[in-house]
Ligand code: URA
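The chain below stands alone and is given in structure tokens; this is the form predicted alone.
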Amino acid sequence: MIKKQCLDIVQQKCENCSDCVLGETRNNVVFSDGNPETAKIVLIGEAPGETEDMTGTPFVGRAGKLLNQFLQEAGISRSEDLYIINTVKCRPPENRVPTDVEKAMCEKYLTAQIDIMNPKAIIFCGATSLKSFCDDKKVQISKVRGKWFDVEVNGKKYRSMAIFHPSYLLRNHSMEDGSPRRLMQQDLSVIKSEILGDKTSNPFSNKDLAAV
């Protein structure tokens, strides 16, 4: 329980944070989801949305439900294999992209979570989280997704990969070869195989995923 105890301390500080304007409009700090004692992967999203702000849990809206389906299809357990966080812990008004200042104010919590988790891999879910750790701010997620690369956090290198954000997949329903949803399947399959072990059989069909 050492990781959880350390993360609880960070969470308490985060919940009392008022370092940026997001602290004035939030309903809840959205700190994390998943089991820190069993998770081998840290998945980093952008920022909480409306549903996340109301519940205090990341990725629980429409995009989160779609992510859950892709994870389950790949044989990745959200509750045991992943520790899910965001670049900022409070919802930006109107779900806008968090500013550089807001991300900078939240960085100490984000890097503390990564330090404590010491994951086997970091997965950047969407362009905003990727650019938060990438020197090239013009990087296109479509060009780098599915490829392993190293990122450095507080002097330690972590194996990392970028994947599409599920909100993008909500606008792209095709399951044709080369489509965003098919590429998401492929990327999660690689992550499952190389970080967690062999891919298990999936309960979802391509038709199921295309319908959401």
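If you're wondering where the values come from, they're calculated on a predicted model, not measured in any experiment. So that there is no doubt, residue numbering starts at 1 and follows the sequence shown.
From this point on, the text means the form predicted in complex with the named molecule, which you will not see here.
Trainee: Residues in which of 33-41, 147-155, 176-184, 53-61 have heavy atoms within 4.5 Å of the named molecule in the model of the complex?
Mentor: Going through the listed ranges, the match is 53-61.
Trainee: Any chance R26 has a heavy atom within 4.5 Å of the named molecule in the model of the complex?
Mentor: Looking in the model of the complex, residue contacts with the named molecule do not include R26, since no heavy atom lies within 4.5 Å.
Trainee: Quick one: is L169 in contact with the named molecule in the model of the complex, heavy atoms, 4.5 Å cut-off?
Mentor: Close contact is absent here: in the model of the complex, L169 is far from the named molecule, nothing within 4.5 Å, heavy atoms only.
Trainee: Against the named molecule in the model of the complex, would M161 count as a contact residue? Criterion: heavy atoms within 4.5 Å.
Mentor: Result no; M161 lies far from the named molecule in the model of the complex.
Trainee: What residues of 39-57, in sequence order, lie within 4.5 Å of the named molecule in the model of the complex by heavy atom?
Mentor: Contacting residues: G45, E46, A47, P48, G49, E52.
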